[in-house]
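Single chain ahead, written as structure tokens, the form predicted alone.
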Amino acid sequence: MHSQTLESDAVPTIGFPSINQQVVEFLQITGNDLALIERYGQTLRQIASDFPDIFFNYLFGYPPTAGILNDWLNQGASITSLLKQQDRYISQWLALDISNHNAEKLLQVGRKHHGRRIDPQWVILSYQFQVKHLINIITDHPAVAANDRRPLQDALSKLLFRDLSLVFEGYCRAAGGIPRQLEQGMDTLQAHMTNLIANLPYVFWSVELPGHKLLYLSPGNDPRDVCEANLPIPLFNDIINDDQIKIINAWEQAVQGGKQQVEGRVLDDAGNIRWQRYLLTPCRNIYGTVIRMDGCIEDITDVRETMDRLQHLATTDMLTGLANRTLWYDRMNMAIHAAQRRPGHRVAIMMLDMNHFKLINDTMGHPVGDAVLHQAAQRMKIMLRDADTLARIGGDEFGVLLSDTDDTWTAAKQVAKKVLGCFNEPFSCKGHEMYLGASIGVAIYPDHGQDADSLVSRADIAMYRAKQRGSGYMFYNPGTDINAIKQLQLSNQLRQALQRNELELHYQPKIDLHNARLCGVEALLRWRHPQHGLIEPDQFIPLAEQIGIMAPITEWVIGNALDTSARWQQQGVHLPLAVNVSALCLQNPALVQWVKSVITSSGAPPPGLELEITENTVMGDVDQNFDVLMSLNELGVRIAIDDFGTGYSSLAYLKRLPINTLKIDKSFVMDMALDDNDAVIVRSIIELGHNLGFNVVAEGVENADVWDLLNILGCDEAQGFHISPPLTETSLLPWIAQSPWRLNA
């Protein structure tokens, strides 16, 4: 922050001349305002670079102001000097200097205007011109985030109003008061300022405490709306009853001296619900007593509707209108948690796959295939209760969740038969009639699995057996699971893998898309089995969780990754390192101590470590996970949400958790250049992540088309085979030396 700007929300009272302090306090210029302007400083300087030319072209094109400027030029001034002077003022203005010294300069400017007999109305109009110019450009400027535009416009308007007020004060002082001939100019000033404030998308008001005497209300509002309400808040009685208590609580806390921000719903004249944000700022006297409450109301309906649309997009399949995989998994987890609290209660999971559907896409085209999927979804939806959840998982695969049933096994059989009956009639599209069958696999909690992933996996196994046998539907039967023997053997061998040094780490590079530089690596676990060769983690991590050895494996992974990072640093290679953490490890109370001890023993700096946790894992038990993530954050460890988009995240929890990075699941990224739905999802996740202040990483970047599209969408980082497959430790450093992507400084 600039040395002469505010450094917090509180406006200092020492060192300001009286008029400067009053203006700053009244306009509520805060440290947040100045920080926001400073963040966009470079963009604003670019915007303002053309303003002097635009400004003076406009002034010379309007006869009254052209006459003033021509008189000035006849007195020896030059166009160049005028442009430089205006450019110098803009530079000083964007330096965010609201100090005494700056205030005195503005007072002097006002005195000069008086000495040159410049009518105050042209000064006012010139400031209004500048406000409109900036607001119009910021409204559509691509470098300004959508949720920052209105706050940035407000902050800039405040600073311009401050400058105008001080310049006019200097003018009045030079005139020795306000003589009669300036009364018309003052009326014009008041009219213009009233009009300008009335056009701002805010309501400002101020009341005296105690007593609730109204001191100020922005133009266009009826003072009776403040004075006659239950609280001295404009149109309080229009706030819907469910939200009034929130506003009352916020007011009571503000009266005690704490600045408050709260959102509420109101009914407009047409009976529509609008969302508003209320800002309450208490002002104290020199004894610390709250003597005034300043308030601001902002309409945020558009912002809320945008967030609702994003949430709908994140949980709805766009083709069929059904729940998507994300929402389905969320409801499964909720149903399982509910069943855990009710002994003997069961939950049924069904996986359905349409037989020979690929043939329709290949022979008749995807539009026909999409029409068939939509018809099938509508038929199945009619067969289910409102309490059940039907979801499209992907392609021609659907999921069904049955909960709150008296006899789950019998209900599952009946529903499976009813759903299969949806495929007895032909599907019609563009003159074609097509008969399609389907296969269903059923898994029951807790008989076939204790969590959603296990149940879905086993329902999938049952579905493929039903497809092979042509039986329509089948329940999972662990006794006939062809993988059971192999899994048992692997489980026994996995217990010895750590002692035999069979586990190893591979490292996949991540590239900063903004500057095309290497910015980190993800450590990926592999099991080099003596007989089966290199085994991917999805084949043995579930086994490790089942036999209870995830804790030592995780400790080994983090320790080895940081030891490797420390060796790289000794060779001058500083690479941030990401490591995956499973659900069971996040729930282990010893995780934080493990991480702390391996950081200490390795000597690697904490900012170099990022832990990747899947979306479903984080949302599984938010309250418990919040404490663990906060403790990790205090150690300096960064947190990334992995496979984002495949789970269901509450936006409220995302804002609350100490998250640094969102990693878009590769299932959306790989085909986004060919699939518009995937592209829409990826774009929405990028915008959501940036709006919440997160870094966004795309994994599964397989080709240049996807790389280019991610660049266009503003994604921060990428990883995938287009950049490099995972590399062994000995292969990584030579790859860095030869790759076109240099290491970030």
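In case it trips you up, residue 1 is the first one in the sequence shown, and so on. Keep in mind the model is a prediction, meaning the values are calculated, not measured.
Only in words, not in the display: the form predicted in complex with a small molecule, which the text now covers.
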Counting only non-hydrogen atoms, the one stretch of 393-401, 380-388, 94-102, 516-524 within 4.5 angstroms of the small molecule in the predicted complex is 516-524
Answer with yes or no whether Ala673 is in contact with the small molecule in the predicted complex, where contact means some heavy atom within 4.5 Å.
no
Considering non-hydrogen atoms and a 4.5 Å limit, does the small molecule approach Met630 in the predicted complex?
no
Find out whether any non-hydrogen atom of Ala497 is located within 4.5 angstroms of the small molecule in the predicted complex, and reply yes or no.
no
Does the 4.5 Å heavy atom contact test between Glu536 and the small molecule in the predicted complex come out positive?
yes
What is the one choice in Cys422, Val595, Leu166, Val557 with a heavy atom within 4.5 Å of the small molecule in the predicted complex?
Val557
Can you work out which of Ser439, Asn580, Ser206, Ser602 has a heavy atom no more than 4.5 Å from the small molecule in the predicted complex?
Asn580
